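Just one chain follows, in the form predicted on its own, and it is written as structure tokens.
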Amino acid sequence: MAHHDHHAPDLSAGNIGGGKFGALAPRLFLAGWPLFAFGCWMALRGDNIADGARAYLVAMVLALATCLGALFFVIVQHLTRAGWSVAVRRPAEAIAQNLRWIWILFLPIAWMGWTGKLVDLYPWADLGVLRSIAPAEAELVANKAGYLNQKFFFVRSAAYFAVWALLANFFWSSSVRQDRTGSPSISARCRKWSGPAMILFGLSTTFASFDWIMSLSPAWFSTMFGVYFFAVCATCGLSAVTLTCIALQRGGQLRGIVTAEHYHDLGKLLFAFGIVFWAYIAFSQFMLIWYGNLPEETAWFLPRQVGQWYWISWGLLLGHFILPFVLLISRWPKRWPSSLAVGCAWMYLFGVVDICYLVLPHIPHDLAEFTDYRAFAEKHAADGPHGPGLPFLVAGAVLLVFAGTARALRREQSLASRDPSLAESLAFENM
């Protein structure tokens, strides 16, 4: 990093306010809630609650992954005492602060538990039903009943949301308070608590991925699954942070503050975590399970290699790794907002596809009698992504997250204008 003399950037209220992006908040809310409510109605009505519940879970996980990825960005900047990122940290804080209300999206799942319908989403919720369908699987799952039971499941879920809300509120409120007081001790306090915050973040996201996604197939397990979910969060969160910065500048804010140098580093982080690290973890998990060739492990991948899921699996390899790797490996696409915006939108789209890949496929119970791959593939040739209301749920969840972000940036500045490291960030240049 090198520092050079620049003309003083414009720190006027008009340049660091929410501007046009903040003004979008009411419109985004008005569009998001009806879409989301309509998607919920489609997902949870009728007899096919299982598919609808999985579609709902996709939307909830997508909203969470976006906000958790932004929270990770905020924590790691304080943990590493990074100065370059001050100019782009406030949009990340604004996305992460949605974690203060995002527990609301869990209420339909809590309602399923209250009404005895949680088994339609999680087979472990009623071992009696599972035994009548798949006795061998039920016996294996019964050994996990000390962890996989409804009471403990909802206690853990409440703990996750509490941890995320506290962390998001701590960093958001601290940053906003510093705008008003200018106290450098606030930055020191954030750095002090960033270590414990990262530990809490890592543990909560890991176990949440076990509880809400991996336990959809309760007989299956992977010790790498939590890291995989972190890569999903990084993909969605870093894409959203970068797109928000670009949207703010397109709306007339942060002119001369967020520069090509900052976009370059945001692009490098997305390239590292969302493309290369994701590919490394996805391949490692697949390779180890393929090499071990144990039925209780391969059962998770087999349904994802038949029907339409076969092509989606290859699509993830192409769209989540190969194409964006080629697009963003060069220095210049990461420095031009237009090309970086295309890359981020593409990665966010494949973050959605990845979550669908994790959540939607059912492991068929006839897999217990699996002997011939070709016959199995022919029998499940029509399998593919489906879920009542899925497009409405996903679109509604994304709009609600960005509505909450715009609302936060309408009320507060879009720049941490009195952070002690702001001057370093404004003068930042990549070597």
Partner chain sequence: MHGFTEIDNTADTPGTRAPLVLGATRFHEVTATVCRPNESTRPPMAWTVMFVISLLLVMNLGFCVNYLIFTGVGVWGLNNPVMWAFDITNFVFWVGIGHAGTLISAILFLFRQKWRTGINRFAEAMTIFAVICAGLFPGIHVGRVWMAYWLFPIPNQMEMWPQFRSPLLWDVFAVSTYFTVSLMFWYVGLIPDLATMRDRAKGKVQQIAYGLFALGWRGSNRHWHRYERAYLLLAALSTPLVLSVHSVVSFDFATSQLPGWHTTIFPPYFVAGAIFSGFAMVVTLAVPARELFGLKNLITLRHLDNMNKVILVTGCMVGYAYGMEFFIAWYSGALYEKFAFMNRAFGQYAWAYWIMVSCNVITPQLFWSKTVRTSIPLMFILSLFVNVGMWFERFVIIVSSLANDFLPTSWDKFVPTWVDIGTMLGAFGLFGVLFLLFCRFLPMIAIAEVKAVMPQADPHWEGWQHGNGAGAHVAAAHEPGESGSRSA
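Numbering follows the first chain given and starts at 1. Because the structure is predicted, anything quoted here is derived from the model rather than measured.
The protein also exists as the form predicted in complex with the partner chain; that form is not presented, and the subsequent description refers to it.
- Note on the interface: of 163-171, 79-87, 352-360, 97-105, the segment with non-hydrogen atoms within 4.5 angstroms of the partner chain in the predicted complex is 79-87.
- Relative to the partner chain in the predicted complex, residues M287, S421 and F428 are all within 4.5 Å by at least one heavy atom.
- At a distance threshold of 4.5 angstroms between non-hydrogen atoms, Q253 is out of contact with the partner chain in the predicted complex.
- Mapping the unseen interface onto this chain, D265 counts among the residues with a heavy atom inside 4.5 Å of the partner chain in the predicted complex.
- Taking non-hydrogen atoms only, Y147 approaches the partner chain to within 4.5 angstroms in the predicted complex.
- Put simply, N143 is close to the partner chain in the predicted complex: some heavy atom of it is within 4.5 Å.
- Screening G182, G195, P135, G116 for any heavy atom within 4.5 Å of the partner chain in the predicted complex leaves a single hit, G195.
- Contact with the partner chain in the predicted complex, defined as a heavy atom within 4.5 Å, holds for exactly one of G319, G226, P303, P337, namely G226.
- Interface residues of 213-229, taken as those with a heavy atom within 4.5 Å of the partner chain in the predicted complex (partner not displayed): M214, S215, P218, W220, F221, S222, T223, M224, G226, V227, in sequence order.
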